[in-house]
Structure formats: structure tokens, C-alpha cells
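Take a look at this single chain, the form predicted on its own, given in C-alpha cells.
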Amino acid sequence: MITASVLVLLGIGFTAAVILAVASKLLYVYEDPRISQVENVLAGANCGGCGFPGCAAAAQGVIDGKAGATVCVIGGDEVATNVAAIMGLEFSSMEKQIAFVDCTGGTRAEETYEYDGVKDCRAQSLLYNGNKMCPEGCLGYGTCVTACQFGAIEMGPDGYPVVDPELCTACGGCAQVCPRGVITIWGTSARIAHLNLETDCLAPCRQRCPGQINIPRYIEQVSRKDYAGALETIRERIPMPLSIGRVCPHPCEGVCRRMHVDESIGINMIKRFVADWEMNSGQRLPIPCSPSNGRKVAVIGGGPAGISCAYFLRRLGYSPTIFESMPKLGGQLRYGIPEYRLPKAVLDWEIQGILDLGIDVEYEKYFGKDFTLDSLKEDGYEAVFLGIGAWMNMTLRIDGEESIGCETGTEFLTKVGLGVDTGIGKKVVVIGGGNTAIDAARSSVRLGAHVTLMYRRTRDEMPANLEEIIGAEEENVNYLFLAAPSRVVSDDNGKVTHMEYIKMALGEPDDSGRRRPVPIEGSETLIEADTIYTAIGQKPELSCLYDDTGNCQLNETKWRTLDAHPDTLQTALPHVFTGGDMHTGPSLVITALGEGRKAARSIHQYLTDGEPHYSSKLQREMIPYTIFTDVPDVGIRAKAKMPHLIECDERTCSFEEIEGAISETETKEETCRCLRCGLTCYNRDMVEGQECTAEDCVKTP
């Protein structure tokens, strides 16, 4: 017998079933089947390294558009390809990202107070930004090690984190917890595009280098015989270590802390050695480039700035074309620097390696004549780099300057570079005190002339490299100081016979900080000459920028250089960028190479983001607290000497290269002299008279 209570329960159950049946039709909850499909192809580690609380949440993030196919930080390209297929997308393999530690301080960094709180970098940073005297260096408590879920980071023996590249997944957890920004997640493209920041660990040499090369890092790599790694480090900043290793005046060495102990490190000699090592090995090291994106950029000018810009654009995935007015690339490297300093076979080898990356060149094409900015745009070039250099020579503005036998030093050096007749005489006077004047004088000696170099100040004020000044003296170039040209004397046929000059005395310092030369009245003197080369300065030739009506879309500066933003190098036309001597005026080759990279970076940002950008924390000047002259507890070690390939009495007879590379043993010893500087710290464990051993040089990578 069924009781009333049973009937009531049956009724309730039946009613609930009816309600649920109806609700299932009206309140149906749809779940995207792709969520489970994506979750099934993920690694299943639930590590949280992707930023989502588990793989299910990561899969939901992909479906919601909050994450991409590369959401899984440990799955790699295979997982990303599978996720992309589910989402109906195409996946291209991305360049390897890795955590990079920009700190060389560690236990060497002095402490300003004792910290007894929680052993956590973030906690310590809250108290006066940490106890290290170095304001940007690692605090050393290993918070990043704890944050890494993959065991890719450990505290190294020097007291700062070391990353295992095989285990690093570039999840970013370590970078997120570091309060000092010591750790950065980046790949090759990001390293190429990075400009020095005040918050970087910048040794004085890095701060002064116009190319922003990570000098301590490549010296460290050379010390471990990792020559390929050292070249990769150098080529993240400049594309031409062979050339720079021969012609750079190494301003970095002028601020080396080692010079306050004995002599600066032979930074350029080390670079020269490792660059020659590759060339002499008979093989070219691979240079990684991003996959081509098919976007075209025109590079006008095939000198150092243009070559550098094209090189870095190609590495960032673009398709650059160089438009060059001369028969070969190189600019001043080829047509302004003599063979005895930079053999053209070496330059050719280096340039060919750059072109082999996939850079097109159109030779003997003149900007403003064969093509214009408008025609380039019509041909599909989305951006333009202007780097035509500074080839217009300054004139003496004296009587007789138009005489036969009187021309500029750059014209003479270009003829030498082209291998054509120079028309040089037997008695040459060179006017000027810079590197061009020295090069003209030393080249004239090699062509059999008796040479006098006239300069209106003294030897101490000469702007030329000291090594070049000494080299000219060794080759019997006669210096005539405190003398300024006043008139060129010629014969009835208009041929130079003499140079008249007036003697000078040094007065008060001018804007350059050098004492101003003042003429001595009545001191005019004649010096016999049949050839006169003037080398008193150059400036860019900007007439090619003007149309037939005299209008120009770009702006000039008061120094008659092309005006551009100092940090982005963008001109008045948003798609046009500049760099090198056209922007700075005559400067160093390393400066032009650095500006080429900076311009390539800005062009990349312009074509990617719509405009170039930069940080307010860019390092523009030397950081004051990193510059000091008291460098105690460092022993004395002799600096290596650059070898000369031929003797003084032989080298003036030919244009053979003068200087060679130091040996591998000497290079190792020179790397041992490096103090491994950070912002304020350096190695203090050198002992006077200690021999350089392999153990001294080997450091943890």
C-alpha cells in the first residue's frame, strides 16, 4: 500500500524532472569545443609559467583572444603549431627568447648597510632601494631563482644569477620579480634594437663607445676562447669588426678604469684579433636574421652608416636596397682611408659577408638625378634612410686657391682609392691637423713626395689620432706648426710654385677648449711646393635634396647637416631617416655605424608601430657616479704592443698594411688585464707581478 508521503515524494520528483527537462531546452549552456581541443594539445604541466592558473585557463585564454598560439612557455613550436591549427591560424617559428642577466657586480659590489630582514630582493629594495652601492646591480638574494619554475636560474659563484639557456622557457617570471631590472627576456631582434639606458649595467667603456658595444662581455668571451660568441656580441651592435678593428681611434680606451692603474685595456686590439680569427679561419660565422617580411626599405649611400642600416634592417626581417653613387661600397672606408691602414681586400671580404645576408645594391645611382624620394615611394619603398656622408670640402678662401696642383685631401685620397693618376708632384704641402690631413700626408710619402704638414696650432692641439701623428713622424713627414696659409703662389701657367703662410701664436681658448691661433703681423713666409692638399673640414652636400624650384621637404641645421630627431633620427618627413656624417657632420666610422643601427631600429618601429619611440632614460652622457680615478688593489700588468708588419724604412715604399694583430697568447694576457667593470665595481684581486694563467681568464659564462 502506497502511503501519502511516498506519493508526495514521487510527485516532487516528477515535477523536478519536468522542470529540468524544460530548462535543458531553454537554458542550454554552450561550451566551445575548441577549449578542450586546445587544452589537449598543451603540455599539461599546469606550471603557471604562461600567466594563467593551469592549462585549462590557458586554453580558455586562447579562445577568448587573451593569449596567442605561443601561450605555452614550455611546449615550444610544436605545441604552438597545433594550437594555431585548431584556431585556424598560420604559425611561423619565433626566434629564441631567453632570460639575459645584465649584471657583472655581485659580491664585488660594495654594501652601504647591513640588511637583516626577509631574504628577498623585493623586500630589500623597499628599504632605500637596497644595500648595494651600485644602484642598478643585482641585490643577490635570489628571488629570481625562487620564481623560476623550470630550474633555469641559479646564483652563480660571483653572487649574481646565471641562466641555463637550455632550460630557460622565457616565461618572464624572473624578470617580473627582479626589482632592479637586472634580468631581461629578449631574443636577437630585441638585443639589436636595444639602446643603452641609464639603468643598464654600463661599464665606462660601454658608455663611451659610439657603437654601444658590450665591451666587457666580448672581452669575457674572448678570455674563454669563445671567439664566435664574442663576434656575435660585437655584431649585435656593429656589422664591421674587421674594419673597425683597424681604423677605430678607440675612444672607449680613454675612459678605461685600468688607465688609472697603468694603461688602458687594448680593447680595439682584442676586437681586431677576434675579427681576424674569423677571416683567417676560412669560413664565415652564421649571422641570424629574422624571416623576410617582404617590406622594402631604400638605403641611400653605401658608406659605413648605410651599410650598417641595411645590415640591421635585414637582420630584423626587411628587404633593404642600397643605392650607391660609386662603383663599390664602403664610402670613406674605401675612398678616404688608405690601403696601409685598411686593405681593400679585407674591406671587400667584410662587405661581401654583409651582402650575402640578402641585401641588394644598385651602383652608380645618383640621388636627385637617377631617383628621388617620390620615385622611391612609387617603387614600393616604405621607408628611406639617407646616409650620403659629408663629401663637400671646406675651402681656404685665400688667393690662388684655384691654381693647378691645389686640391682637397679627400679628392686626392679618392683618386688613390680608385687607383687613378693623382698628378702628385715632388714637394707637397698638406694643410690641416685631422686624420684626413695625416692620411693625405702619409699617402703622399708613399708616392715619393717630400711632405710638409702645415697646422695653425701646435702638435698638442691636433685632432688627429695620436698613433697617426706618431706614424707620420716615423715616416719623415715634416710638421710646420703655428702656421696658417695666406696665399697660393703660382707661375705664368697657373701652376703652384709656393705656399705663403703667416706665423701664429696661441691666444685664449675658443669654444672647442683649444687656444685660439692669432696671426703675427709681418711674419709672412714662403715655402716651396708643387702640390697643395687642403684638409680643413668637410660638410654634407645637400643640394640633391632640392627640386628644380629650389624647394626642399627636409630641414637643414645651422651646421648645414640634415636635421633629425637626435634619438630616433627621423626627419621632417616621417618615412625618411638619416644618420652618419650627413647628420653629425664629419665624425668617426664607429659613430656612423652606431647611427646606422639606431636608424634601422627607428625604421623598424615606424613600420611596425607607426612611429619610432625611445626612453627618457637613454644614456646620452657619461654617468657621473661611475667615473672615478681612485682604483685601488689592482696590480701592475704591461699592455700588449700592436705589432708592425713592416719596418719604418720599408713601409713608405708601398701601401702594404702597417699594423698586424696581436697573437692569441697576447690576446689572452690582454683580456686578463680587464677589470670586468660594472657601474661601480671591478676586480680587485690582481697582484703585482702575477703571471696571467688560464685560470685567471676563465670565468663562469
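All figures in this text were calculated on a predicted structure; none of them were measured in a lab. Note that residue numbering begins at 1 and tracks the sequence as displayed.
Just so it is clear, the following notes concern the form predicted in complex with a small molecule, a form of the same protein that is not shown.
Of the residues V361, V477, I354, I337, just one reaches the small molecule in the predicted bound form with a heavy atom at 4.5 Å or closer; this is I337. Comment: the small molecule is not present in this chain, but in the predicted bound form one of K503, R341, H498, R295 has a heavy atom within 4.5 Å of it, namely R341. Looking at 406-414, 550-558, 520-528, 286-294, the stretch with residues near the small molecule in the predicted bound form, meaning non-hydrogen atoms within 4.5 angstroms, turns out to be 406-414. Mapping the unseen interface onto this chain, R516 falls outside it, with no heavy atom inside 4.5 Å of the small molecule in the predicted bound form. Under a 4.5 angstroms non-hydrogen atom cutoff, the small molecule in the predicted bound form lacks M454 among its neighbouring residues.
None of the heavy atoms of C148 is located within 4.5 Å of the small molecule in the predicted bound form.
The small molecule is not shown here, and in the predicted bound form it never comes within 4.5 Å of any heavy atom of G105.
Contact with the small molecule in the predicted bound form holds for all three of P249, G330 and A592, each having a heavy atom within 4.5 Å.
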